[in-house]
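A single chain, nothing else alongside it, follows as structure tokens in the form predicted alone.
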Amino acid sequence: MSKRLWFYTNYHCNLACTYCLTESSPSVPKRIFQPEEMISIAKQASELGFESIGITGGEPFLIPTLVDTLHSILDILPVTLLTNGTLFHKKRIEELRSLAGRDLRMQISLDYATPQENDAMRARGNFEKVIQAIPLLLDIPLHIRVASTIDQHTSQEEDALNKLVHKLGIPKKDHIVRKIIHRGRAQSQGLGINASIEELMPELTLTVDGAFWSPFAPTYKDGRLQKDLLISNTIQPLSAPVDILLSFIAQIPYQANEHTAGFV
């Protein structure tokens, strides 16, 4: 089992990407994970031997108190935060300066090297906002990674994307490329690859709906939670879903492949 614990802070998002695992959009129920509970569970995670925290959504930066919550969790464990990179207006950039020097990795989504292809998957204007945000975040400075989620790339598209990411100041080790997983909205759109439980690295993932096998698991399709990878409705004390996940791992050996080895 991975020594990273994941939180889904929320399910609503300012985008509605075609391959979204959680069918996130501005209009879905928010399903917000309360910050106080996240902090309490992070403390338990540290005591249980977890070594880091992953935070995703929805779009976490729609939570007004996110930066304060990050500081509290960073006092406990290192954090990797996933964001679509579109909400970094001037006031938010100034707020993020308080996180400089902390053990935080911020991972931003960028799928193609041109706005036409990228925005077709995500939203009009997404490409330009991300391209503008990354240099500002690096200048703070923050540790920035880029994640590219793709259905398929030609070699030319892959080369163009790699060159763009490098030009933005992101080293190769901080550029993650992963396949679309055939769950959530991607499943409705007929996109992505199938991934069985044996292929998904077990990384305990908590949402307001319960505890799941991995961050690829707490997905929504046609407005309904997909429960095939739900391991427990109980998330507290944290030791309860940890014990359940460990018992599942003993019964279901996994063999993660290069496309489903984790969010990061």
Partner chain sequence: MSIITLLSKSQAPITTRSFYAQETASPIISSIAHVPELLLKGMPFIGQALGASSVSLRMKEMMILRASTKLHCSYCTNTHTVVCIQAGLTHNEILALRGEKEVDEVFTEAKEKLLIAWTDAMSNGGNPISTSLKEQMIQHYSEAEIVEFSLCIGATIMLNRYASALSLPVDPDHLRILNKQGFSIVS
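A quick note: this is a predicted structure, and the numbers were derived from the prediction, not measured. Numbering follows the first chain given and starts at 1.
What comes next is about the form predicted in complex with its partner chain, which is not displayed.
Per the 4.5 Å heavy atom criterion, its partner chain in the predicted complex is contacted by stretch 232 to 240, the sole one of 41 to 49, 23 to 31, 56 to 64, 232 to 240. V208 falls outside the set of residues with a heavy atom inside 4.5 Å of its partner chain in the predicted complex. At the 4.5 Å threshold, heavy atoms of A16 stay clear of its partner chain in the predicted complex, well away from it. Taking the partner from the other structure, its partner chain in the predicted complex has a heavy atom within 4.5 Å of a heavy atom of W213. In the predicted complex, at least one heavy atom of K227 sits within 4.5 Å of a heavy atom of its partner chain.
Within 4.5 Å of its partner chain in the predicted complex, a heavy atom is found for all three of I197, I244 and F248.
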